[in-house]
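One chain comes next, on its own, written out as structure tokens in the form predicted alone.
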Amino acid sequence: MKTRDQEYRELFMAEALEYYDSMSRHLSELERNPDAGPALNELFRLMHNLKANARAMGFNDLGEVAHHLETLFGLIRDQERTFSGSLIKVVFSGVDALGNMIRAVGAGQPLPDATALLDNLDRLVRGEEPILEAEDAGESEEESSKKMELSDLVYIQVKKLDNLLNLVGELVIDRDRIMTLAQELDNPALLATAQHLFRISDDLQYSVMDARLVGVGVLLNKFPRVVRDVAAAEHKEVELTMSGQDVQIDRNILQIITDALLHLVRNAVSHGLETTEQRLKAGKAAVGQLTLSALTERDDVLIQVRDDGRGIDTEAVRRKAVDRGLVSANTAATLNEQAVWAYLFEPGFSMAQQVTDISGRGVGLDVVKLALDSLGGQLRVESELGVGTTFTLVLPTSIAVKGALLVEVEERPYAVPLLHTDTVLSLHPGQISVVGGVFITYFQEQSVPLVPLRQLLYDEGDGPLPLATRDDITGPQQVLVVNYNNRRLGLVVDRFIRQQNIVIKPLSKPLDTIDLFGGVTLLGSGQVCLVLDVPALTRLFLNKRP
């Protein structure tokens, strides 16, 4: 994996070589027409950008040459110097020197000495004649070839990568089908070819996925300014600490969670952190601490937003949820804090006492949940009153391929993304209770409601689910425990098939309106397999719970 320095150096090289080519082109145009204003302005802009980029990367000698040339072009633009005579030769030499320096950076070599060039540029700025060396016999073939170098990097539109990934997905589906056919036919030659195809397509798939990966820092590095602006608007003092910018993730995932992360950060500053007076009164340091970090956990990427603010007032959220009619007072009293916090993600739910430009409009945390649901991600919340809050976004590394558990109901296969699965259980009837018409089991000291998956998928109408009775339990029950929004739900299935990576294709109209399904995939057997949307299944169960 590339380090952040390597990645930045490559980006610098790609831009610098592009600037160098543009400088050479505009200089030639300016030599033909010294009054070419657009070319002069462009040269000034290119020198300015190259200077800034070089200094940011620590290539100060390169930045110094660009700075001197920028100054000279500024004088030409202001008509204090003319692009003529010995100035032309020095400027061309200066651009050539920039090219040599850029190539030296790319090769990891020391930058060539530019003392004489800088001295001549200073002379020209002062209006003096430069000291020119004797004419060279001619430019060597090697020098000419250096000017024709191409960057090792290419720019590519994201939609082209999306299309490539889609085609690879189609290939992987066909590959699995061919592998299954080869095994069924038991033809050695066909089997060997299918296995070779498997290896090649596997490498191709991961190469394409790798090309889409970017460092999380691409997004995180935008937040210092956001935090600064929100803190200023809220009259708070906030110190932002970031880590894990090198963690790699699919570029599209980063794009999708941009708004979600923005809401969490703004929320942390606006709601989470106290004012300086409140912090001092609470015995805390005057400056609030906000941490943005990224890390990997198995195949997932975790992005955390942590503050040392006031924490979530669980009882206040409980009262607000009752006041808004989201839950009855009796039921609310039985909910644990995680279940209460889940109401913070209901649309329009806000704990702000007053509406400001930053908060209080009830828009925010529901956006976070919607973004995560669309990715098949999860949100974890940890909070302690008076100590602080941590929101953790659990994201897949890639949206192209997902690990899934295949289950069977009514002789039909269904895929459940692993990101939402907690465990599988085989329960004897004695391990299942009936409480309020709902099957309940206890797992890891927590009660988990159970529901036959066939009831959620096949029972029509908006009415409540039928009351469960012990007569409905016959023999061992195969249960898949899923997790969404800190709520566990046990789905009773007929049998577990296997675990495998799947390529999810979106459903086409009119099936795309059924929110219980997140897409469709094709198994190696040729069977079409619907991918279950765990958030939608959980919401359906809560709405139809008797």
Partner chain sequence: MAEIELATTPKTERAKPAELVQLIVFRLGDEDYGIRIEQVKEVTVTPEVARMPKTPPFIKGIANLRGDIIAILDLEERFRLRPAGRPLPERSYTVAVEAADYTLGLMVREVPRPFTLPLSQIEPAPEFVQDAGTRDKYLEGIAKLPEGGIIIVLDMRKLLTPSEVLRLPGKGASS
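Residue numbers count along the first chain shown, from 1. Since we're looking at a predicted model, the values are computed, not measured.
Below, we refer to the form predicted in complex with its partner chain, which is not included among the displayed structures.
Could you spot which one of F59, F517, F44, Y484 gets a heavy atom to within 4.5 Å of its partner chain in the predicted complex? Spelling it out, the residue with a heavy atom inside the cut-off is F517.
I'd like to know whether Y155 contacts its partner chain in the predicted complex, with contact meaning heavy atoms within 4.5 angstroms. Outside the cut-off, so no.
With a 4.5 Å heavy atom cut-off, would you call R545 a contact of its partner chain in the predicted complex? Close contact is absent here: in the predicted complex, R545 is far from its partner chain, nothing within 4.5 Å, heavy atoms only.
Closest heavy atom of A52 to its partner chain in the predicted complex, within 4.5 Å or not? Although its partner chain is absent here, A52 would stay clear of it in the predicted complex, with no heavy atoms inside 4.5 Å.
In the predicted complex, A36 touching its partner chain (heavy atom, 4.5 Å): Flag for A36 set to no.
Can you pick the stretch from 63-71, 22-30, 499-507, 475-483 whose heavy atoms fall within 4.5 Å of its partner chain in the predicted complex? So the stretch in question is 499-507.
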